[in-house]
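What follows is a single chain, given as structure tokens, in the form predicted alone.
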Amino acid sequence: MLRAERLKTAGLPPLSFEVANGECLVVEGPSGAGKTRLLRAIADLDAAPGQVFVDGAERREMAATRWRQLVRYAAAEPQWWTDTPREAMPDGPQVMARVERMAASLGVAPELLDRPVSLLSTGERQRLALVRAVVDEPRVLLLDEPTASLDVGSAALVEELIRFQLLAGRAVVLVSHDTGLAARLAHARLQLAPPVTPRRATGVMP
């Protein structure tokens, strides 16, 4: 279970919520409301006051590397620090076999794992980044627009992968502008208010 208590990120009030194992929390709100900032705070990628627990253990009770093994953030625009996707995946023949099966299930040919990242399409990079995020079975998945760059068919395959993660007992926090995807996967919703635009002062100076 993922639990946040008075988690505070820039522009948002302190937030408290829970996501049970096998359930999906959809975070909603207009652009600029802080959805991505919230996911990054849960992942402990940005400093944020408050407490975040996974299965009863608080993020500050363990090393940052261990927390990020348990809580995995998949960005809307994933970054790559290796020449090929395969080099960014966990080591081991059994894990790599799982990587290739997952890639195939998302419509990505296994040979693309050895193609330079710079030669992959945006959709291929996004799907392979999702494989990278889930293949070593983190407890919590933080998914930021996981289908944004995909066609209808590829988006459906990603949705099936997310459903499988839920069936496997992962807690999922999802940000998506795809209202259909959100409606089909959500067990609960967290609505963030739109950002407040300061009003310009008007009137005549004395």
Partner chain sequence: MTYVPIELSGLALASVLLILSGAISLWYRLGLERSIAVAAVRMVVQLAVIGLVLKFIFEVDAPLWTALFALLMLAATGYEVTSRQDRRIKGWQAFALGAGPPFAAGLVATVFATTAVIGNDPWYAPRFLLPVLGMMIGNALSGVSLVLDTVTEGLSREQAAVEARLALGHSRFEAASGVLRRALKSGLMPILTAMAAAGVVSLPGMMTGQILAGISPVQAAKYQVMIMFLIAGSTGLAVLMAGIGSILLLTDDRHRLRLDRLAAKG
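Positions refer to the first chain, counted from 1. From a predicted model like this one, the values you see are computed outputs, not experimental measurements.
We do not show the form predicted in complex with its partner chain, though everything after this point is about it.
Peer 1: Contact with its partner chain in the predicted complex for residue 98, defined as at least one heavy atom pair within 4.5 Å: yes or no?
Peer 2: Output for residue 98 is no: heavy atoms all beyond 4.5 Å of its partner chain.
Peer 1: Does its partner chain get within 4.5 angstroms of any non-hydrogen atom of residue 37 in the predicted complex?
Peer 2: So residue 37 does not count as contacting its partner chain.
Peer 1: Is it the case that residue 177, even though its partner is missing from this view, gets within 4.5 Å of its partner chain in the predicted complex, heavy atoms only?
Peer 2: No, no contact at 4.5 Å.
Peer 1: If we define contact as a non-hydrogen atom of the residue within 4.5 angstroms of the partner, is residue 65 a contact of its partner chain in the predicted complex?
Peer 2: Contact with its partner chain, yes.
Peer 1: Is it the case in the predicted complex that 45, 81 and 132 each bring at least one heavy atom within 4.5 Å of its partner chain?
Peer 2: Yes, all three are in contact.
Peer 1: Counting only non-hydrogen atoms, which stretch in 45 to 53, 149 to 157, 29 to 37, 164 to 172 is within 4.5 Å of its partner chain in the predicted complex?
Peer 2: Stretch 45 to 53 is the one.
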